[in-house]
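Just one chain follows, in the form predicted on its own, and it is written as structure tokens.
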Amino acid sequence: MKLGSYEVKLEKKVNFTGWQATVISILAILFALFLVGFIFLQAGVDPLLGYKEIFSYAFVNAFGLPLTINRAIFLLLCTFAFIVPMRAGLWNIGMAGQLYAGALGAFAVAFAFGAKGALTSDLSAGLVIPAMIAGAAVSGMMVGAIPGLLKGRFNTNEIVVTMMINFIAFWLVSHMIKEGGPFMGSGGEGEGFKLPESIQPPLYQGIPFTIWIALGLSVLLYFVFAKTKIGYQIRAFGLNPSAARYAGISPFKISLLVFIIGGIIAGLAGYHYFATVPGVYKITKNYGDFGDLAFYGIICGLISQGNPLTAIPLALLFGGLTNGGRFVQGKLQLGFGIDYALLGVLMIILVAFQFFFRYRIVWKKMEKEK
């Protein structure tokens, strides 16, 4: 394409450095914030004031920061649940169903130990908490194995299967916690029973121990994909399934494995938010909101290019914006949904700017004709 005395063309990048990806992502964030500024202006609010309130509450405020970190832990686990199948070229759209299953598995263990209606000192945290974690992981694994098994054996569409399971798991949770359900709270308020204090995990500055699970998984997954044989097989299958099959890599084993791992991690996300976050400690009546929030893990996974370490700051950013956006909505009397608008624009721009991960715009001055 010609623009004046210049020829403009696109060149495909052979590779790009981490610093280049970081710069592109920062520019995308700044551009998205600039666009959302017009929403603030339309509402009669100075954009600089709006952003100051959002970021100060989310990342500085003594009450808001723990909320941000807890939300980021949840998003990070959901991101990992998406990344593992993604590296194999498969789409896990079932984080919601898997985390619902994880929450049910964790609370089923607590229920079996008599947590429903138990007194504060009735239960041993050292026994019940690890059992709840295992219950969440196993339940998420079982649900995650279904699309992996069907994909590997019958080559079914994993997107359709995982979406169907999401709906099934949603209504299963509803049956378990609503009136007459075994997990219904004692007050009959349409939500699950609350965990007694004895099995509410200890906190440090308002943060549960699950932060170490999330950070540990980020390092472990990075190592697995970069240094291990199974990580190489997953990546090879994702890049070229036919060549991987020719090299002896089993599509059935890879499909089943990545969805099992994804299900386990999503199950842990369910345990984290419903069993460890201060002020929750039960399956809440708005549990569906967290299923919807899990889909942000897809965006984090795509933007991070499947890198578990890069996903950490993204999850923290998204966690902060969801909390800060909801806070500023009330404080500055903004219309409902400013937090969703902010996240929506940010995610669209971040995904759009991924174009620059693969291509560069080259301007070349044309020689004047003699």
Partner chain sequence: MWEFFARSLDASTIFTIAALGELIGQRSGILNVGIEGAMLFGATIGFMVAKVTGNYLLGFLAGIAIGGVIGLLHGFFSITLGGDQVVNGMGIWILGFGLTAYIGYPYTGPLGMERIPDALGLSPFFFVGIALIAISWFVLSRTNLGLKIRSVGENPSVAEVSGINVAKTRYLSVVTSGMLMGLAGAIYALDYNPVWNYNFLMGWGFISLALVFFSMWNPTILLGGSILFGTLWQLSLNPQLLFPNLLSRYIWRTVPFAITIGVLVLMSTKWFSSRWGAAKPEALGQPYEKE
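Each form is matched to the other, and the largest set of C-alpha atoms that superpose within 1.5 Å is called the rigid core. Residue numbers count along the first chain shown, from 1. This one's a predicted model, so the numbers in the text were calculated from it and none came from an experiment.
This next part talks about the form predicted in complex with its partner chain, which is not shown.
Counting heavy atoms only and using a 4.5 Å cut-off, do 156, 351 and 355 all touch its partner chain in the predicted bound form? So, yes: the whole triplet contacts its partner chain.
Listed range touching its partner chain, judged in the predicted bound form by heavy atoms within 4.5 Å, from 165-173, 258-266, 212-220, 275-283: Contact-bearing stretch, as computed: 165-173.
Tell me, which of 115, 145, 161, 137 has a heavy atom within 4.5 angstroms of its partner chain in the predicted bound form? So the residue touching its partner chain in the predicted bound form, by this definition, is 161.
Contact flag, residue 31 vs its partner chain in the predicted bound form, heavy atom cut 4.5 Å: Looking in the predicted bound form, residue contacts with its partner chain do not include residue 31, since no heavy atom lies within 4.5 Å.
Even though the partner isn't displayed, in the predicted bound form is residue 141 close enough to its partner chain, meaning a heavy atom within 4.5 Å? Because no heavy atom of residue 141 falls inside 4.5 Å of its partner chain in the predicted bound form, the answer is no.
Even though its partner chain is not shown here, does residue 340 get within 4.5 Å of it in the predicted bound form, heavy atoms only? Heavy-atom contact with its partner chain at 4.5 Å: present for residue 340.
Considering non-hydrogen atoms and a 4.5 Å limit, does its partner chain approach residue 295 in the predicted bound form? Answer yes; at least one heavy atom of residue 295 falls within 4.5 Å of its partner chain in the predicted bound form.
Stretch 42-59: residues contacting its partner chain in the predicted bound form, 4.5 Å heavy atom cut-off: Only 42 sits within 4.5 Å of the partner.
Superpose on the rigid core, then tell me if the C-alpha of residue 59 is displaced by 2 angstroms or more between the shown form and the other one. No, the C-alpha position differs by under 2 Å between the shown form and the other one.
Inspect the rigid-core superposition and answer whether the C-alpha of residue 314 shifts by 2 angstroms or more between the shown form and the other one. Comparing the forms between the shown form and the other one, which are aligned on their rigid core, residue 314 does not shift its C-alpha by 2 Å or more.
Given that the distance between the C-alpha atoms of residue 339 and residue 291 changes by 3 Å or more in the predicted bound form, do they end up closer or farther than here? They are closer; the C-alpha distance drops by 3 Å or more in the predicted bound form.
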